[in-house]
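Single chain ahead, written as structure tokens, the form predicted alone.
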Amino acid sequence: MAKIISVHSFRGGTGKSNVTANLAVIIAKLGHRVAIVDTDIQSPGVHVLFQLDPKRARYTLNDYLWGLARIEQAAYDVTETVIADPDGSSARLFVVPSSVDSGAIGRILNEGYDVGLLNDGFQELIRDLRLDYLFIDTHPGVNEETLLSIAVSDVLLLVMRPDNQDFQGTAVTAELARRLNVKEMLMIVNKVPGGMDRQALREKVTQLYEAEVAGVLPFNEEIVNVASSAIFSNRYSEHPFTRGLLAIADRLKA
């Protein structure tokens, strides 16, 4: 049975999409069939990390939500882009992007959509693409889509930065997750400055949210320089950030 993993943050700018994309690639490279759905419809960005040209994407998640396409038609196989040698391997990685067209985004904001269709779409992807893992990259904050994603997930990854606004906002999401009886909640602290005591930070987050900290990831200039033009873990395989992601991937596979 496929494992559904929602990746969420209370605020934007936590590096949530980068974490999602890298974890999906790492797990796919281990021989699994993986998909990412970009449900951040208001500000989509996962497609950039996989060099998926919006002009060549005939269908998006928006088309599925409006009944114009099946969701699997909006799933693009990016395996060869990010996995060096997929031949002879069961490894596959698919991305379901949201539209970057301003008109499509405006329509979503004005008209909304049937959030219940999302869960139907997730299950269709799992079945039709024979997935082992489905990652849901959510919109920051709390809305109806976020609540649904949390409710249907096997694992919720909460990504936060080590600052007071994130500490307070993340507490809201963690409480909602518990009320929704999320099966498992793991914390990821990202963009941690080099001079900060990482062990003390881990202990603080564990105590504050009463949840396991799956990773404490360092801030680094290299990821800024990559500028979302590639998958960081592919380019910097020995970097401490990548090693942290590998440990999180191992935890997700447990």
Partner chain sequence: MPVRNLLCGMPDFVRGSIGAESAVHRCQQCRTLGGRSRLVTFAAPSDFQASAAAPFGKWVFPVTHDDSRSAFPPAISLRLLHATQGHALQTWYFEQQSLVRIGRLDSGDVVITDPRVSRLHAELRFENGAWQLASHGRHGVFQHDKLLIRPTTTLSHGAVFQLGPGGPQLEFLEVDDSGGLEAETACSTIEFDCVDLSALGFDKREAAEQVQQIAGDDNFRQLLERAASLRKKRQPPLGER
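It should be emphasised that the depicted structure is a prediction, and the values quoted were computed from it without experimental measurement. Residue numbers count along the first chain shown, from 1.
Form predicted in complex with the partner chain: not shown, discussed below.
Undergrad: At 4.5 Å between heavy atoms, is R235 in contact with the partner chain in the predicted complex?
TA: The answer is no: R235 has no heavy atom within 4.5 Å of the partner chain.
Undergrad: Do L156 and the partner chain share at least one heavy atom pair within 4.5 Å in the predicted complex?
TA: Output for L156 is no: heavy atoms all beyond 4.5 Å of the partner chain.
Undergrad: Taking the partner chain as it sits in the predicted complex, is V7 in contact with it (heavy atom to heavy atom, 4.5 Å or less)?
TA: Answer no; every heavy atom of V7 is more than 4.5 Å from the partner chain in the predicted complex.
Undergrad: Taking the partner chain as it sits in the predicted complex, is G116 in contact with it (heavy atom to heavy atom, 4.5 Å or less)?
TA: Yes, G116 sits close enough to the partner chain in the predicted complex that at least one of its heavy atoms falls within 4.5 Å.
Undergrad: Report the stretch among 63-71, 188-196, 41-49, 22-30 that approaches the partner chain in the predicted complex to within 4.5 Å, counting heavy atoms only.
TA: Among the listed stretches, the partner-contacting one is 188-196.
Undergrad: For the stretch 140-176, I need every residue with any heavy atom inside 4.5 Å of the partner chain in the predicted complex, listed N to C.
TA: Residues within 4.5 Å: V142, E144, L147, L148, A151, V152, D154, P162, D163, N164, F167, Q168, A171, V172, E175, L176.
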